[in-house]
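Shown below, as C-alpha coordinates, is a lone chain in the form predicted on its own; questions about how it binds or moves come after it.
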Amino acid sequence: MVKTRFAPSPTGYLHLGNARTAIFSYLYARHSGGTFVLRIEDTDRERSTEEYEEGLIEDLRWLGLEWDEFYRQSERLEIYREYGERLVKDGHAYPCFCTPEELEKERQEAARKGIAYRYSGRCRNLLDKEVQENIRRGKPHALRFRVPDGEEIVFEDLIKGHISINVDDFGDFIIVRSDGMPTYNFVVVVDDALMGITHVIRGEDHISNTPKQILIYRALGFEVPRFAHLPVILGPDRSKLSKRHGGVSVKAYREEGILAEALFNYLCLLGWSSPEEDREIYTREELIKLFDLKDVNSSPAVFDRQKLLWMNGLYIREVLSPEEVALRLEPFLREKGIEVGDREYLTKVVTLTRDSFDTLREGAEKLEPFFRDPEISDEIRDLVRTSSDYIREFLDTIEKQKPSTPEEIMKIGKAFLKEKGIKPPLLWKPIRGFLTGSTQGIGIDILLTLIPLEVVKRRFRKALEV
(Lines give C-alpha, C1' and ligand atoms only; values in the text may rest on other atoms or scores of the structure.)
Protein backbone atom coordinates (compact mmCIF):
# COMPACT_ATOMS: atom_id res chain seq x y z
CA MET A 1 0.00 0.00 0.00
CA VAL A 2 1.21 3.50 -0.83
CA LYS A 3 2.33 5.58 2.15
CA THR A 4 3.61 9.13 1.76
CA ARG A 5 4.70 11.78 4.22
CA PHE A 6 5.19 15.51 4.54
CA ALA A 7 8.03 16.32 6.93
CA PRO A 8 8.47 20.07 7.50
CA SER A 9 10.92 21.68 9.91
CA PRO A 10 9.29 24.24 12.26
CA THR A 11 11.94 26.85 11.54
CA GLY A 12 9.76 29.28 9.64
CA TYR A 13 6.37 29.74 8.04
CA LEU A 14 5.06 27.30 5.44
CA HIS A 15 6.13 28.68 2.05
CA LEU A 16 4.58 27.90 -1.30
CA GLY A 17 7.15 25.31 -2.37
CA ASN A 18 6.66 23.24 0.78
CA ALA A 19 2.88 23.67 0.54
CA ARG A 20 2.96 22.21 -2.98
CA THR A 21 5.06 19.28 -1.74
CA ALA A 22 2.52 18.62 1.01
CA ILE A 23 -0.36 18.79 -1.48
CA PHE A 24 1.28 16.42 -3.98
CA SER A 25 2.14 13.94 -1.21
CA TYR A 26 -1.41 14.12 0.10
CA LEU A 27 -3.01 13.74 -3.33
CA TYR A 28 -0.85 10.78 -4.31
CA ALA A 29 -1.67 8.95 -1.08
CA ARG A 30 -5.39 9.59 -1.45
CA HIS A 31 -5.36 8.79 -5.19
CA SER A 32 -3.72 5.44 -4.41
CA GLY A 33 -5.97 4.63 -1.47
CA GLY A 34 -2.96 4.86 0.82
CA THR A 35 -1.83 6.66 3.97
CA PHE A 36 -0.58 10.22 4.46
CA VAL A 37 1.77 11.02 7.35
CA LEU A 38 2.67 14.39 8.89
CA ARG A 39 6.05 14.35 10.63
CA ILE A 40 7.47 17.44 12.35
CA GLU A 41 11.27 17.42 11.96
CA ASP A 42 12.25 19.51 14.96
CA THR A 43 15.75 18.25 15.80
CA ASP A 44 17.25 21.66 15.01
CA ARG A 45 17.03 22.97 18.56
CA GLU A 46 18.26 26.47 17.78
CA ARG A 47 15.82 27.28 14.98
CA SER A 48 12.74 25.15 15.73
CA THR A 49 9.97 26.87 17.68
CA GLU A 50 6.56 25.89 18.97
CA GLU A 51 5.09 28.96 17.27
CA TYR A 52 6.27 27.83 13.84
CA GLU A 53 5.03 24.28 14.46
CA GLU A 54 1.57 25.56 15.38
CA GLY A 55 1.63 27.79 12.30
CA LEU A 56 2.54 24.88 10.02
CA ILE A 57 -0.26 22.73 11.38
CA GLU A 58 -2.76 25.58 11.12
CA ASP A 59 -1.79 26.29 7.49
CA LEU A 60 -2.03 22.61 6.51
CA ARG A 61 -5.46 22.31 8.10
CA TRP A 62 -6.56 25.52 6.40
CA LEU A 63 -5.52 24.01 3.05
CA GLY A 64 -7.68 20.99 3.88
CA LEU A 65 -4.86 18.46 4.25
CA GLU A 66 -5.87 15.68 6.62
CA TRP A 67 -3.16 13.31 7.85
CA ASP A 68 -3.63 9.75 9.04
CA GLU A 69 -0.57 9.60 11.31
CA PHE A 70 1.37 12.28 13.18
CA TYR A 71 4.93 12.19 14.57
CA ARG A 72 7.37 14.61 16.14
CA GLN A 73 11.08 13.81 15.82
CA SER A 74 12.03 15.33 19.17
CA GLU A 75 9.96 12.58 20.80
CA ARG A 76 11.92 9.82 19.02
CA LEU A 77 15.50 10.59 20.08
CA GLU A 78 15.95 7.27 21.87
CA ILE A 79 15.11 5.44 18.64
CA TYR A 80 17.79 7.38 16.73
CA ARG A 81 20.35 6.72 19.46
CA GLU A 82 19.68 2.98 19.19
CA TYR A 83 20.17 2.94 15.41
CA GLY A 84 23.27 5.13 15.63
CA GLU A 85 24.84 2.64 18.02
CA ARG A 86 23.92 -0.19 15.65
CA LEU A 87 25.74 1.53 12.77
CA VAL A 88 28.87 1.94 14.91
CA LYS A 89 28.71 -1.66 16.13
CA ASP A 90 28.38 -2.98 12.56
CA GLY A 91 31.29 -0.84 11.35
CA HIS A 92 29.16 1.49 9.19
CA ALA A 93 29.85 4.53 11.40
CA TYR A 94 32.66 5.72 13.66
CA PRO A 95 33.34 8.40 16.30
CA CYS A 96 34.92 11.57 14.92
CA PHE A 97 36.91 13.64 17.44
CA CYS A 98 37.88 16.46 15.06
CA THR A 99 37.33 19.91 16.51
CA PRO A 100 35.41 22.65 14.68
CA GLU A 101 38.73 24.47 14.22
CA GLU A 102 40.36 21.45 12.59
CA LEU A 103 37.43 20.98 10.23
CA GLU A 104 37.40 24.67 9.33
CA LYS A 105 41.09 24.44 8.49
CA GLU A 106 40.32 21.57 6.11
CA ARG A 107 37.57 23.62 4.44
CA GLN A 108 39.87 26.58 3.98
CA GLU A 109 42.53 24.37 2.45
CA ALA A 110 40.01 22.93 -0.01
CA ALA A 111 38.88 26.44 -0.91
CA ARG A 112 42.50 27.52 -1.43
CA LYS A 113 42.97 24.64 -3.86
CA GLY A 114 39.68 25.42 -5.59
CA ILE A 115 38.17 21.98 -4.94
CA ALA A 116 34.93 20.87 -3.29
CA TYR A 117 35.38 20.05 0.39
CA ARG A 118 35.07 16.52 1.69
CA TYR A 119 36.17 15.23 5.06
CA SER A 120 39.76 14.04 5.14
CA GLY A 121 38.92 10.88 7.07
CA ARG A 122 41.51 11.50 9.80
CA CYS A 123 39.34 9.69 12.42
CA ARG A 124 38.19 6.96 10.07
CA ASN A 125 40.92 4.47 10.92
CA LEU A 126 41.64 5.23 14.57
CA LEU A 127 42.55 2.16 16.58
CA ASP A 128 39.90 0.95 19.00
CA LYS A 129 42.12 1.75 21.98
CA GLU A 130 42.52 5.34 20.72
CA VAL A 131 38.77 5.69 20.39
CA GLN A 132 38.16 4.30 23.88
CA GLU A 133 40.82 6.54 25.41
CA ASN A 134 39.34 9.64 23.81
CA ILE A 135 35.88 8.69 25.05
CA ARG A 136 37.24 7.98 28.57
CA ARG A 137 38.80 11.43 28.63
CA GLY A 138 35.42 12.92 27.69
CA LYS A 139 36.61 14.28 24.39
CA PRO A 140 33.59 15.56 22.38
CA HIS A 141 32.83 13.53 19.29
CA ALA A 142 30.32 13.18 16.49
CA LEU A 143 29.38 10.03 14.60
CA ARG A 144 30.30 9.82 10.91
CA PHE A 145 28.96 7.39 8.37
CA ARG A 146 31.69 5.32 6.73
CA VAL A 147 31.15 5.84 3.00
CA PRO A 148 32.56 3.07 0.77
CA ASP A 149 35.18 4.40 -1.65
CA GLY A 150 34.37 4.90 -5.32
CA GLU A 151 30.82 3.51 -5.29
CA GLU A 152 28.23 4.82 -7.73
CA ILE A 153 24.76 5.22 -6.23
CA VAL A 154 22.09 4.79 -8.90
CA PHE A 155 18.33 5.22 -8.52
CA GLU A 156 15.33 5.74 -10.77
CA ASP A 157 13.50 8.90 -9.76
CA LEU A 158 9.76 8.86 -10.55
CA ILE A 159 9.99 12.41 -11.91
CA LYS A 160 13.64 13.05 -12.83
CA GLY A 161 14.36 9.59 -14.24
CA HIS A 162 17.77 7.89 -14.05
CA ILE A 163 20.15 9.49 -11.53
CA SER A 164 23.71 8.43 -10.74
CA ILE A 165 25.96 10.03 -8.10
CA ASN A 166 29.47 8.95 -7.08
CA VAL A 167 30.00 8.76 -3.31
CA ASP A 168 33.44 10.31 -3.71
CA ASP A 169 31.61 13.60 -4.31
CA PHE A 170 30.76 13.89 -0.61
CA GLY A 171 32.83 11.48 1.51
CA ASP A 172 32.12 10.45 5.13
CA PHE A 173 29.31 12.54 6.60
CA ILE A 174 28.06 13.22 10.13
CA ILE A 175 24.95 11.35 11.29
CA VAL A 176 25.04 12.41 14.97
CA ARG A 177 26.47 15.76 16.10
CA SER A 178 28.79 16.14 19.06
CA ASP A 179 25.86 17.41 21.18
CA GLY A 180 24.09 14.10 20.61
CA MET A 181 21.50 15.42 18.16
CA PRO A 182 21.04 13.33 15.01
CA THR A 183 21.30 14.94 11.57
CA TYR A 184 18.67 15.14 8.86
CA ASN A 185 20.07 12.46 6.54
CA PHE A 186 20.18 9.93 9.36
CA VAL A 187 16.82 10.50 11.08
CA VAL A 188 14.87 10.79 7.84
CA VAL A 189 15.99 7.26 6.89
CA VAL A 190 15.15 5.78 10.29
CA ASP A 191 11.76 7.48 10.34
CA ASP A 192 10.78 6.70 6.75
CA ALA A 193 11.79 3.07 7.19
CA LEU A 194 10.08 2.49 10.54
CA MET A 195 6.95 4.35 9.42
CA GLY A 196 6.73 2.27 6.24
CA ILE A 197 6.98 5.19 3.82
CA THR A 198 6.84 3.78 0.28
CA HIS A 199 7.14 7.01 -1.72
CA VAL A 200 9.31 9.97 -0.70
CA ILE A 201 7.96 13.05 -2.51
CA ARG A 202 10.05 16.19 -1.95
CA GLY A 203 11.82 19.08 -3.68
CA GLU A 204 14.67 18.48 -6.10
CA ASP A 205 17.07 20.26 -3.74
CA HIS A 206 17.11 16.94 -1.86
CA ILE A 207 18.54 14.95 -4.77
CA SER A 208 22.06 15.42 -3.40
CA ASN A 209 20.92 13.91 -0.07
CA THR A 210 19.45 10.81 -1.66
CA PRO A 211 22.68 8.78 -2.18
CA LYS A 212 23.67 9.35 1.46
CA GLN A 213 20.27 8.13 2.56
CA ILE A 214 20.38 5.09 0.29
CA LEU A 215 23.71 4.11 1.89
CA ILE A 216 22.12 4.31 5.35
CA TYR A 217 19.08 2.31 4.21
CA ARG A 218 21.39 -0.45 3.01
CA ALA A 219 23.59 -0.36 6.12
CA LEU A 220 20.56 -0.80 8.38
CA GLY A 221 18.99 -3.45 6.16
CA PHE A 222 15.96 -1.33 5.32
CA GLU A 223 14.05 -1.43 2.04
CA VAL A 224 14.75 1.68 -0.05
CA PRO A 225 11.54 3.63 -0.94
CA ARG A 226 10.73 5.15 -4.31
CA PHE A 227 11.86 8.77 -4.70
CA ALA A 228 10.04 11.55 -6.56
CA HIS A 229 11.84 14.91 -6.61
CA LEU A 230 9.63 17.83 -7.57
CA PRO A 231 10.97 20.58 -9.85
CA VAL A 232 11.69 23.99 -8.36
CA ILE A 233 9.25 26.87 -8.58
CA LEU A 234 10.57 29.95 -10.38
CA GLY A 235 9.37 33.52 -10.65
CA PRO A 236 8.07 34.92 -13.96
CA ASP A 237 11.61 36.10 -14.78
CA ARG A 238 12.84 32.48 -14.43
CA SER A 239 14.89 33.28 -11.33
CA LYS A 240 14.41 31.55 -7.98
CA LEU A 241 11.01 32.32 -6.48
CA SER A 242 11.26 35.11 -3.90
CA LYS A 243 9.10 37.67 -2.12
CA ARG A 244 9.40 40.10 -5.01
CA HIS A 245 7.58 37.52 -7.19
CA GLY A 246 4.87 37.03 -4.56
CA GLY A 247 6.54 33.87 -3.27
CA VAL A 248 5.59 34.50 0.33
CA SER A 249 4.20 32.20 2.99
CA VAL A 250 0.83 30.49 2.99
CA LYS A 251 0.06 32.54 6.11
CA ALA A 252 0.59 35.77 4.16
CA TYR A 253 -1.81 34.67 1.43
CA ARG A 254 -4.39 33.66 4.04
CA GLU A 255 -4.14 37.12 5.56
CA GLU A 256 -4.45 38.70 2.12
CA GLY A 257 -7.76 36.96 1.60
CA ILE A 258 -6.79 34.17 -0.79
CA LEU A 259 -9.21 31.25 -0.51
CA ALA A 260 -7.83 27.88 0.59
CA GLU A 261 -9.56 26.15 -2.34
CA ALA A 262 -8.04 28.56 -4.86
CA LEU A 263 -4.50 28.28 -3.48
CA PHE A 264 -4.79 24.48 -3.32
CA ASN A 265 -6.05 24.38 -6.91
CA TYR A 266 -3.38 26.79 -8.17
CA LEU A 267 -0.45 25.02 -6.49
CA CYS A 268 -1.60 21.72 -8.01
CA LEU A 269 -1.10 23.22 -11.47
CA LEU A 270 2.52 24.22 -10.70
CA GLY A 271 4.36 21.29 -12.18
CA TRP A 272 1.46 18.89 -12.68
CA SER A 273 -0.30 18.45 -16.02
CA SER A 274 -3.88 17.31 -15.72
CA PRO A 275 -5.08 14.65 -18.18
CA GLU A 276 -7.99 17.03 -18.79
CA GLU A 277 -5.88 19.77 -20.37
CA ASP A 278 -8.71 22.17 -21.17
CA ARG A 279 -9.53 22.77 -17.49
CA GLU A 280 -8.00 24.80 -14.69
CA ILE A 281 -10.63 24.71 -11.94
CA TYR A 282 -10.96 21.44 -10.01
CA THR A 283 -12.64 20.30 -6.83
CA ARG A 284 -10.52 18.49 -4.27
CA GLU A 285 -12.30 15.23 -5.11
CA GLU A 286 -11.51 15.66 -8.81
CA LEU A 287 -7.84 16.33 -8.06
CA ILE A 288 -7.62 13.19 -5.90
CA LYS A 289 -9.13 11.16 -8.72
CA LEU A 290 -6.88 12.61 -11.45
CA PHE A 291 -3.53 13.15 -9.71
CA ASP A 292 -0.65 10.82 -10.54
CA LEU A 293 3.10 11.28 -10.21
CA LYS A 294 3.57 10.24 -13.84
CA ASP A 295 1.92 13.53 -14.84
CA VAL A 296 4.34 15.71 -12.84
CA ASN A 297 6.75 17.61 -15.11
CA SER A 298 10.51 17.39 -14.58
CA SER A 299 11.11 21.00 -15.66
CA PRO A 300 10.70 24.00 -13.32
CA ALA A 301 7.26 25.48 -12.73
CA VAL A 302 6.67 29.24 -12.98
CA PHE A 303 4.67 31.00 -10.27
CA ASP A 304 2.42 33.78 -11.52
CA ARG A 305 0.87 35.87 -8.76
CA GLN A 306 -1.56 37.53 -11.18
CA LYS A 307 -2.90 34.16 -12.26
CA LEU A 308 -3.39 33.16 -8.63
CA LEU A 309 -5.37 36.36 -8.05
CA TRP A 310 -7.40 35.69 -11.19
CA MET A 311 -8.18 32.16 -10.02
CA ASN A 312 -9.09 33.41 -6.56
CA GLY A 313 -11.44 35.95 -8.11
CA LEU A 314 -13.00 33.19 -10.17
CA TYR A 315 -13.68 31.18 -7.01
CA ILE A 316 -15.27 34.25 -5.41
CA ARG A 317 -17.45 35.01 -8.44
CA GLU A 318 -18.34 31.59 -9.82
CA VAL A 319 -17.38 28.67 -7.59
CA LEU A 320 -18.45 29.63 -4.07
CA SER A 321 -21.99 30.70 -3.27
CA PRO A 322 -22.66 34.32 -2.21
CA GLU A 323 -23.57 32.96 1.24
CA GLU A 324 -20.16 31.26 1.56
CA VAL A 325 -18.26 34.33 0.33
CA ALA A 326 -20.19 36.47 2.83
CA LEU A 327 -19.28 34.11 5.66
CA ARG A 328 -15.59 34.26 4.79
CA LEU A 329 -15.67 38.04 4.42
CA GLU A 330 -16.86 38.61 7.96
CA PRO A 331 -13.45 38.23 9.68
CA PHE A 332 -11.93 40.75 7.24
CA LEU A 333 -14.75 43.21 7.87
CA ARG A 334 -14.33 42.65 11.61
CA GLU A 335 -10.66 43.61 11.27
CA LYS A 336 -11.88 46.97 10.01
CA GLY A 337 -14.14 47.35 13.02
CA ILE A 338 -17.31 46.38 11.15
CA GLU A 339 -19.62 43.90 12.86
CA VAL A 340 -22.12 42.42 10.42
CA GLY A 341 -25.38 42.06 12.29
CA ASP A 342 -27.48 41.23 9.25
CA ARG A 343 -25.97 38.26 7.37
CA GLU A 344 -28.79 38.41 4.81
CA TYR A 345 -27.87 42.00 3.94
CA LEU A 346 -24.19 41.10 3.59
CA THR A 347 -25.10 38.21 1.29
CA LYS A 348 -27.19 40.56 -0.85
CA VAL A 349 -24.28 43.00 -1.04
CA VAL A 350 -21.89 40.19 -2.03
CA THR A 351 -24.28 38.93 -4.70
CA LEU A 352 -24.18 42.28 -6.51
CA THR A 353 -20.55 43.27 -5.85
CA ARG A 354 -18.36 40.16 -6.02
CA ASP A 355 -17.35 40.94 -9.61
CA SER A 356 -15.39 43.90 -8.23
CA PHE A 357 -12.81 42.14 -6.03
CA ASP A 358 -10.35 39.25 -6.29
CA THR A 359 -9.44 38.72 -2.63
CA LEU A 360 -11.40 38.82 0.61
CA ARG A 361 -9.28 41.69 1.95
CA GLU A 362 -9.97 43.70 -1.20
CA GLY A 363 -13.62 42.78 -0.80
CA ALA A 364 -13.71 44.14 2.75
CA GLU A 365 -12.25 47.41 1.43
CA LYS A 366 -14.79 47.64 -1.38
CA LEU A 367 -17.73 46.74 0.85
CA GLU A 368 -16.93 49.17 3.66
CA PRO A 369 -19.28 51.91 2.28
CA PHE A 370 -22.25 49.55 2.66
CA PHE A 371 -21.72 49.48 6.42
CA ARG A 372 -20.03 52.75 7.43
CA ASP A 373 -20.09 56.41 6.42
CA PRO A 374 -16.88 57.40 4.58
CA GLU A 375 -14.53 60.29 5.22
CA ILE A 376 -15.28 63.25 2.94
CA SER A 377 -12.30 64.85 1.23
CA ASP A 378 -12.08 68.43 -0.01
CA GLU A 379 -12.34 67.21 -3.60
CA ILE A 380 -15.60 65.37 -2.93
CA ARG A 381 -16.97 68.27 -0.87
CA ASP A 382 -16.45 70.57 -3.85
CA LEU A 383 -18.09 68.10 -6.24
CA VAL A 384 -21.13 67.75 -4.00
CA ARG A 385 -21.44 71.52 -3.54
CA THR A 386 -21.42 72.26 -7.26
CA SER A 387 -24.00 69.52 -7.96
CA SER A 388 -26.10 69.72 -4.81
CA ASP A 389 -29.28 70.93 -6.56
CA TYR A 390 -29.19 68.12 -9.13
CA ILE A 391 -28.41 65.52 -6.45
CA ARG A 392 -31.30 66.65 -4.23
CA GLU A 393 -33.76 66.49 -7.13
CA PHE A 394 -32.47 63.07 -8.21
CA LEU A 395 -32.80 61.62 -4.70
CA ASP A 396 -36.35 62.98 -4.49
CA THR A 397 -37.13 61.28 -7.82
CA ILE A 398 -35.77 57.95 -6.51
CA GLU A 399 -37.84 58.28 -3.36
CA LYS A 400 -40.99 58.80 -5.41
CA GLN A 401 -40.41 55.98 -7.92
CA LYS A 402 -38.98 53.45 -5.41
CA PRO A 403 -36.69 51.44 -7.75
CA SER A 404 -35.63 48.01 -6.43
CA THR A 405 -32.92 46.92 -8.89
CA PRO A 406 -29.74 48.43 -10.37
CA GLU A 407 -31.42 48.39 -13.77
CA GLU A 408 -34.30 50.53 -12.52
CA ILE A 409 -31.86 52.95 -10.87
CA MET A 410 -29.99 53.43 -14.16
CA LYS A 411 -33.22 53.85 -16.12
CA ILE A 412 -34.33 56.64 -13.78
CA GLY A 413 -30.85 58.17 -13.90
CA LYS A 414 -30.74 58.27 -17.71
CA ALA A 415 -34.17 59.88 -17.86
CA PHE A 416 -33.14 62.45 -15.25
CA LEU A 417 -29.91 63.34 -17.09
CA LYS A 418 -31.82 63.74 -20.35
CA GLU A 419 -34.48 65.91 -18.71
CA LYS A 420 -31.89 68.22 -17.09
CA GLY A 421 -29.56 68.19 -20.09
CA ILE A 422 -26.48 67.45 -18.01
CA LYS A 423 -23.56 65.07 -18.53
CA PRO A 424 -23.42 61.87 -16.38
CA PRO A 425 -20.22 62.76 -14.41
CA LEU A 426 -21.92 65.85 -13.00
CA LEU A 427 -24.40 63.58 -11.21
CA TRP A 428 -22.68 60.23 -10.71
CA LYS A 429 -19.22 61.35 -9.52
CA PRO A 430 -20.42 63.42 -6.55
CA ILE A 431 -22.98 60.76 -5.58
CA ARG A 432 -20.34 58.05 -5.57
CA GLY A 433 -18.06 60.44 -3.69
CA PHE A 434 -20.34 61.09 -0.74
CA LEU A 435 -21.44 57.44 -0.62
CA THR A 436 -17.97 55.84 -0.70
CA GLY A 437 -15.37 58.56 -0.15
CA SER A 438 -14.00 57.92 -3.66
CA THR A 439 -14.97 58.88 -7.18
CA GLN A 440 -14.16 55.37 -8.46
CA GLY A 441 -15.24 51.88 -7.46
CA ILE A 442 -18.42 49.87 -7.29
CA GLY A 443 -21.13 50.89 -9.75
CA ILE A 444 -23.38 53.73 -8.67
CA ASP A 445 -26.44 51.67 -9.61
CA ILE A 446 -25.42 48.93 -7.17
CA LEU A 447 -24.64 51.44 -4.42
CA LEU A 448 -28.04 53.11 -4.75
CA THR A 449 -29.81 49.75 -4.87
CA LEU A 450 -28.23 48.34 -1.72
CA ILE A 451 -27.64 51.33 0.55
CA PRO A 452 -30.93 52.34 2.21
CA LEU A 453 -32.27 55.65 0.92
CA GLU A 454 -32.28 57.22 4.38
CA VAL A 455 -28.56 56.42 4.66
CA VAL A 456 -27.93 57.89 1.20
CA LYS A 457 -29.66 61.13 2.19
CA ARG A 458 -27.84 61.28 5.51
CA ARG A 459 -24.48 60.98 3.77
CA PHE A 460 -25.54 63.66 1.29
CA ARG A 461 -26.40 66.04 4.11
CA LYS A 462 -23.15 65.21 5.86
CA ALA A 463 -21.19 66.02 2.69
CA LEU A 464 -22.98 69.36 2.39
CA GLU A 465 -22.28 70.15 6.05
CA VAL A 466 -18.61 69.39 5.66
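Model, not experiment: these values are computed from the prediction. One-based numbering along the sequence shown.
We do not show the form predicted in complex with a small molecule, though everything after this point is about it.
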query = Residues in which of 318 to 326, 152 to 160, 180 to 188, 260 to 268 have heavy atoms within 4.5 Å of the small molecule in the predicted bound form?
reply = 180 to 188
query = Using a 4.5 Å cut on heavy atoms, which of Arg254, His199, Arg202, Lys366 is close to the small molecule in the predicted bound form?
reply = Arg202
inquiry  = So the small molecule isn't shown here. In the predicted bound form, which residue out of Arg381, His206, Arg284, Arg361 has a non-hydrogen atom within 4.5 Å of it?
reply    = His206
request  = Using the partner position in the predicted bound form, report whether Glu41 sits within 4.5 Å of the small molecule, counting heavy atoms only.
outcome  = yes
inquiry  = Considering non-hydrogen atoms and a 4.5 Å limit, does the small molecule approach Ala463 in the predicted bound form?
reply    = no
inquiry  = Residue-level question: is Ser9 within 4.5 Å of the small molecule in the predicted bound form, judged on heavy atoms?
reply    = yes
